[in-house]
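Here you get one chain, nothing else, as structure tokens; it is the form predicted on its own.
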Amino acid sequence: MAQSKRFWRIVFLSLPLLFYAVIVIIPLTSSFYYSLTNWNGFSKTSDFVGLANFAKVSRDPLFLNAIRNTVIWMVAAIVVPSGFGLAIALVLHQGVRGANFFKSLFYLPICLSLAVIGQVWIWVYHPDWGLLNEILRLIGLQEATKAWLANPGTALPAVITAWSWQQVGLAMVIYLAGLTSIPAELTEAAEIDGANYRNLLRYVIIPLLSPATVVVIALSIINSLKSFDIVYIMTQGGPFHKSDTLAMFMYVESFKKYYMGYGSAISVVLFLIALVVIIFYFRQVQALEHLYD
């Protein structure tokens, strides 16, 4: 009987592990291998070039530009979704009228794909009949209208804004879960001691939301590193590479220029950055678990 159970455990575990290996492990290891070659993606053979692709990465101004844009995106991912998500969660947690409707409304964008989000915001940013420019004309700011996605100075912020609009709903839900886990006795005791809402927020609520904040920031950073589809839909990295990210730059080098070896080197760099973020996330989670034990 025990051997039969063990057999079926192996069978049922082997199938998902095999699927995971085919979808994730094999492509991942292949990327590491091809990053050391000059493979073009088509030929059956490739030359081993060692770390030449990584040396090229360190000198490529377009790569450094993509790194800069990715860092800007990561900083925005830390500040914007977490800040707005926390603010919305605090308001809705107070029990405002129609709170459930607003929760659904703010969470709705996260249910849509980033390709759909990108297309919606293309309409918002349209220079002739887009919602943003129409509002600016309506309030008398005609001189402020522009082609937001075609302007080198506004393309990246415009795409980040569209991406953040989707991510705010996820942050809101995580913070709402964190707020419901705060013991009511603590907030009541602080209010009895004379703490106003500002002090209550600063010394009680925000510190107790540390686990939720760690989750929100980690997910936002990881999602920002994966931001390819919305960039591709809205700007394709333009104009003049001003909205290029590492994921977009990797795609262009690999599948448009057919420098598969060089693109694999870029993907390895992106993987290592994501790995550092994930390790930091797990360390923070462990530290918080020890803190609240």
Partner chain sequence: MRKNTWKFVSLFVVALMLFGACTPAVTPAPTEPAAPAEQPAAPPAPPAEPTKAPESPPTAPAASEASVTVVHYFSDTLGKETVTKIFDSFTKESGIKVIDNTTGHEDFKAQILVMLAGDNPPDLFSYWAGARVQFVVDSDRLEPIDDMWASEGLDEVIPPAVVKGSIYNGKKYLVPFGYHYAALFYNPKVMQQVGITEFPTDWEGFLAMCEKIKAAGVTPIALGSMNRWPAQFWFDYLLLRTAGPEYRAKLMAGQAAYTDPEVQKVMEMWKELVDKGYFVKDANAYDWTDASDQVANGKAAMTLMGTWITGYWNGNGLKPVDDYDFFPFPTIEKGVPNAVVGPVDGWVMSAGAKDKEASKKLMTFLVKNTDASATWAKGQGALSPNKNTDPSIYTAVMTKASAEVAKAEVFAFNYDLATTPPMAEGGLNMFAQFMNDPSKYQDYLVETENVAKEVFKK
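Values in this document were obtained by computation on a predicted structure and should not be read as measured data. Positions refer to the first chain, counted from 1. We call the rigid core whatever largest set of C-alpha positions still superposes within 1.5 Å between the two forms.
Not pictured, yet referred to below: the form predicted together with its partner chain.
For the marked spot (D47, V57 and F63), a heavy atom within 4.5 Å of its partner chain in the predicted bound form is absent from each of the three residues. Residue contact with its partner chain in the predicted bound form: G118 places no heavy atom within 4.5 Å of it. In the predicted bound form, its partner chain sits within 4.5 Å of a heavy atom belonging to L219. Remark: Y33 does not count among the residues lining its partner chain in the predicted bound form, judged by a heavy atom distance of 4.5 Å or less. Taking non-hydrogen atoms only, E188 never approaches its partner chain to within 4.5 angstroms in the predicted bound form. Stretch 122-130 is the contacting one of 122-130, 194-202, 77-85, 93-101, since its residues have non-hydrogen atoms within 4.5 Å of its partner chain in the predicted bound form. Residues W39, N40, G41, F42, S43, K44 are the members of 37-52 with a non-hydrogen atom no more than 4.5 angstroms from its partner chain in the predicted bound form. After superposing the rigid core, the C-alpha of A274 moves by less than 2 Å between this form and the one not shown.
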